[in-house]
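Read the single chain below, which is given as structure tokens and is the form predicted alone.
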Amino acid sequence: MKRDFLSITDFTTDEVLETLHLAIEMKEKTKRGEHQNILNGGVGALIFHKQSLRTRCSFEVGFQQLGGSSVYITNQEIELGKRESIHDVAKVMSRYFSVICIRTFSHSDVEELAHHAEVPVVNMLTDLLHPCQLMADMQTILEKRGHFDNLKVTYLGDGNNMTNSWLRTAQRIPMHLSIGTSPETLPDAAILKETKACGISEVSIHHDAQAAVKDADVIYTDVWASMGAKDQIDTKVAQLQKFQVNMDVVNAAKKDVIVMHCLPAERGREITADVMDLPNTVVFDEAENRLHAQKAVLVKLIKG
């Protein structure tokens, strides 16, 4: 039976941990120049309806390192549900590809694509969720801390797909997830409710950055206006300027706090340049780990 990766909750807790440890193992082998022919010539479809640096590069390199290849496809070739039905796209692409990966706007389109596809579908990003980024983030935390015990993660900023993805991760990995945001920029209400109901993690919402980061092991942020919402930037700045990750915020957390950002960053807006360049800011480790975490996800889906 084929499986998809549209959300971290598509994996059990054990599967998330297994995949993270596999990612670390694959990273070590890659550093030694060892590449496994796991895909055996398989080809992945990479559908991009949004621009990308890390996602496109990491997936294309990842497919090659796993002994496969990929085809880059834009909305000029596939306008889901417009030029051709999502059902028909899924059926056709299942005849060509070993896996379908998609970075787009509508999460429901991705769910429909996965429903009709006969090969695994990977969510490379939607407006609702960004699970591949969270796998890389959790790999980075595991590498830096060595464990997830007594983990407190503070997310500061807009209640966007990254916030929603942290909430979904808190349904699989026990943590205290502290979200600092304005009353107008809360994360998805349904995902917040289901995370609290899950009972695995403690979730708290704060409208004060200093309170949100108290005792934090990790401070995480993202741009305040995501791709496709840049016209809202003035409103977002007014709502979120009190949640900027700056030195005052960092100093209010634990002394060994890890600072994270999924990139691209707008230095001087959601995070200051001096914080971006701190030794304990691990944004480029996260970016590197996209490659290895995604390879591990692909192996899990294709090889089981």
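Everything numeric here is computed off the predicted structure, so don't read it as measured data. Quick note: we count residues from 1 along the sequence shown, nothing fancier.
FYI, the form predicted in complex with a small molecule isn't displayed, but the following is about it.
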item	value
Answer range among 39-47, 239-247, 255-263, 26-34 for contact with the small molecule, defined in the predicted bound form as heavy atoms within 4.5 Å	255-263
Proximity to the small molecule in the predicted bound form, single hit among Q65, T272, S70, T55 (heavy atom within 4.5 Å)	T55
Exercise: R172 in contact with the small molecule in the predicted bound form, heavy atom 4.5 Å	no
The small molecule contact at Q133 in the predicted bound form, heavy atom, 4.5 Å	yes
Close approach of Q51 to the small molecule in the predicted bound form, 4.5 Å, heavy atom	yes
Partner contact for R103 in the predicted bound form: the small molecule, 4.5 angstroms, heavy atom	yes
